[in-house]
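A lone chain, given as structure tokens: the form predicted on its own.
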Amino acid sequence: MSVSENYNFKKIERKLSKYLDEDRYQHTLGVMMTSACLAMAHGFEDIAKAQLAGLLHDCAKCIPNDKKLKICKKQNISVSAIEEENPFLLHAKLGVYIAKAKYDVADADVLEAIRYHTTGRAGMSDLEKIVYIADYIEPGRYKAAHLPYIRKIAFENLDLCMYEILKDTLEYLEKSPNNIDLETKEAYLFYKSKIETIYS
């Protein structure tokens, strides 16, 4: 059964709009749309899964940082030392809990896409890559380096696009090395190896 048969997207959008500020809500709609476009371009079977994951990827983003920490503690969600110092980084893993508890999402693929949309990880599923990339390239984004090129390759090769985004992200985060998640480093090395193998 398709995800779209289980979820009322308009109802979720209305509910979500109450918990996000206007800029974040517009970004979220952009990620949902871009996720669907990438899913179609890459022959992803259930486009609605991409829409749902894109729609809810930032569902915990606007929760105040002190409350993020409190919810994680109450729900036994692990918090790393980096996340303790920078609670804004918790919104992805906390988003998994919010998606389940507040929006009744049970689909494991969708939840994993929400979980890794910020850090990435080695060996991501196509859905995870789609949402990660959509978050980076949606139409409202304009600050990231090399966006025209990255937007182009996003519709051609997901792995190459992951590599390019992760490379640029790590270069940017080198200014604040304490904010670099180990999973992001591992994801970069994974996709770097994949691309070098293909193009060597």
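All figures in this text were calculated on a predicted structure; none of them were measured in a lab. All residue numbers are counted from 1 along the displayed sequence.
The protein also exists as the form predicted together with ligand DGI; that form is not presented, and the subsequent description refers to it.
You can rule out all but one of 85 to 93, 68 to 76, 100 to 108, 122 to 130: in the model of the complex, only 85 to 93 has residues with a heavy atom within 4.5 Å of ligand DGI. Taking His42, His146, Lys167, Arg141 one by one, only a single residue has any non-hydrogen atom within 4.5 Å of ligand DGI in the model of the complex, and it is Arg141. Although the partner is absent here, His57 lies within 4.5 Å of ligand DGI in the model of the complex, judged by heavy atoms. None of the heavy atoms of Leu20 is located within 4.5 Å of ligand DGI in the model of the complex. Using a 4.5 angstroms limit between non-hydrogen atoms, Lys61 touches ligand DGI in the model of the complex. A residue is said to contact a partner when one of its heavy atoms sits within 4.5 Å of a partner heavy atom; Leu189 fails this definition for ligand DGI in the model of the complex, lying far away. Using a 4.5 Å heavy atom cutoff, none of Glu112, Asp159 and Lys194 lies near ligand DGI in the model of the complex.
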